[in-house]
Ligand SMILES: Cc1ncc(COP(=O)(O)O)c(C=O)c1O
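Shown below, as structure tokens, is a lone chain in the form predicted on its own; questions about how it binds or moves come after it.
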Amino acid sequence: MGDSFTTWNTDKATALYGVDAWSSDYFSIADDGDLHVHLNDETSGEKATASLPKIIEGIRERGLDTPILLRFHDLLAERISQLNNAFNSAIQETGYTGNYRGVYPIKVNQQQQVIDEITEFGKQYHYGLEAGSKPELLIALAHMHDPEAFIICNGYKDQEFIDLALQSLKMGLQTVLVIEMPSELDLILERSEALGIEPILGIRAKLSTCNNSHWSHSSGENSVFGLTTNQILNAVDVLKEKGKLHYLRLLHYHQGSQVPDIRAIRDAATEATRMYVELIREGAPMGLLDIGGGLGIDYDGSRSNSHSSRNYGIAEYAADIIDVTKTVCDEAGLAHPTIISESGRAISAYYSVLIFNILDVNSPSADASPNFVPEKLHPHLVKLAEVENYLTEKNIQECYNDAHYFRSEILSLFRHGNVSLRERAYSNALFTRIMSKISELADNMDDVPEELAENPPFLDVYYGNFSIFQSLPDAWAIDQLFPVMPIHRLNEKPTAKATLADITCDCDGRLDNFIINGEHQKHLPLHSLKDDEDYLVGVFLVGAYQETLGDLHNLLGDTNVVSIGINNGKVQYLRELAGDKISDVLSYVEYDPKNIVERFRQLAERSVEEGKITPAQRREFMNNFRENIEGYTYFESPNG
């Protein structure tokens, strides 16, 4: 441990923040210490890089400020290509006779720009959409007009939903109604007969195979959606009885999001393909096997079966699905089905990066040098001071224990009125100074006591200009781990051990779990702040679910959004979407901004009448109030 400043370099920064492990070669650290994004130059078609800090500088010059969500449309296109190429390669290498057709689940990121670009980039692969609600189906029908692509309809379906799907079939789209509940079949058949349109039906099966992901409850026989084996056979019998079994074309299953273990994926595919074969034996024509979502990404770079990783890549995932399906179908002597997958997270996660500036730092070490010494010291204070004097590497654990003991005793004495406030404050300073020295010694030790390694004595709190609840809800709700790192000064050694706090007034508004040097840590290495220079931090892999799930905690709204590309070697600022104004978020929670202004005007006018302020001051206060209500919900720099 304990590299000196003279030996620090960007290779060590790359290893420290695991950039090579989680970035899939989309990001790297340049020699000047800036983090760069790798995109395709639209003119040359060659790979080009752009500095994230310089991108932010250009955005600020154009009038938008941090926090900013950067979108890289090129990364979205590349992920779609990688997934389709992986399946197509596996198909060619194994002699698989079916096709692959991916669909993007709209729920993963419903923003219009995302769906626009998904459908644009996916055209060459006949890449479709998955809709789990009526609003999502309307989006799909407005954007997906490729007759060779699929629109998969999941979720609960009322008559209007079913009619829309059937009418789109009449117009030449391949819209599949997947039966999630037994009761849906009767309504679909009824509306099919009323409209005179034959549906393409799918059945979602509850498999016995489970996985150990965050979302394992959506897999297995106890999952909320899907039909049991008996219910599937009942549906088959109903269709047989009505002479409609030829409607049944697709079997669908879902393992949940972010499945970490390839063995669970193989097991589920095997079970589902066996079920698919049996449905053909029952007389259904089939032809489509929908393997659902679950393709994971490596948030922590460990390539393991942890919740924040996966022990496989896209190529292995595709190869295993094709291999399992081909093997089972060949054994049964049946044609290979078209494979449909509903990968969302793996497609869109890399697409977006959240960038925010650090507003302030609260460092406990600031208490290490008191500007006073109490006239009379309690014996425990004397003992605590002695700990500092005999502290060495050899007795570091003993000193750690002694400092905590005397500190605890002093706090107990204070609660009983036997120690003054000044004595308590002095003990804080001594304790802080001792813990800081222990931390410095531990940083330069090869064999650090386990308790010290896992629990750094003091952590700085870096206050970021963002809201976890709005921009990173999964970090708060399910402890999702995202790669986090500064985006500049990476050629300097970071000396602070920090947690990140947002600007909500909530103790849960913090990030305190990071992957550092390939291991889970409760602190993030950061640099000390410089006067008159913003310090910028990025959170990566946030393109899946985060924009959709974000809420208005403390009425902090959507951030500014800018889409970035490279053309002819220059950064392009392709799309800009200003974040929510305060008036916007007030209207979301049923306030009328005009009424709020009027209420404040009444207060101001009453203050004039009572002689508290002058009419000129009223004008100044009113202008300030109006300016604020139309401003950004986040902290705005004075020059912003």
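Numbers follow the displayed sequence, beginning with 1. The structure displayed is predicted, hence computed values, not measured ones.
We do not show the form predicted in complex with this ligand, though everything after this point is about it.
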* **Segment that reaches this ligand in the predicted bound form - one of 319-327, 413-421, 303-311, 338-346, heavy atoms within 4.5 Å** => 338-346
* To do: Would you mind picking the one in 257, 352, 84, 432 that has a heavy atom within 4.5 Å of this ligand in the predicted bound form?
  => 257
* Asked: Considering this ligand in the predicted bound form, which of 294, 543, 464, 128 comes within 4.5 Å of it through any heavy atom?
  -> 294
* Contact at 107, 154 and 204 by this ligand in the predicted bound form, all three, heavy atom at most 4.5 Å -> yes
* **this ligand contact at residue 79 in the predicted bound form, heavy atom, 4.5 Å** => no
* Consider residue 252 of the chain shown here, and say whether it contacts this ligand in the predicted bound form, taking contact as heavy atoms within 4.5 Å. => yes
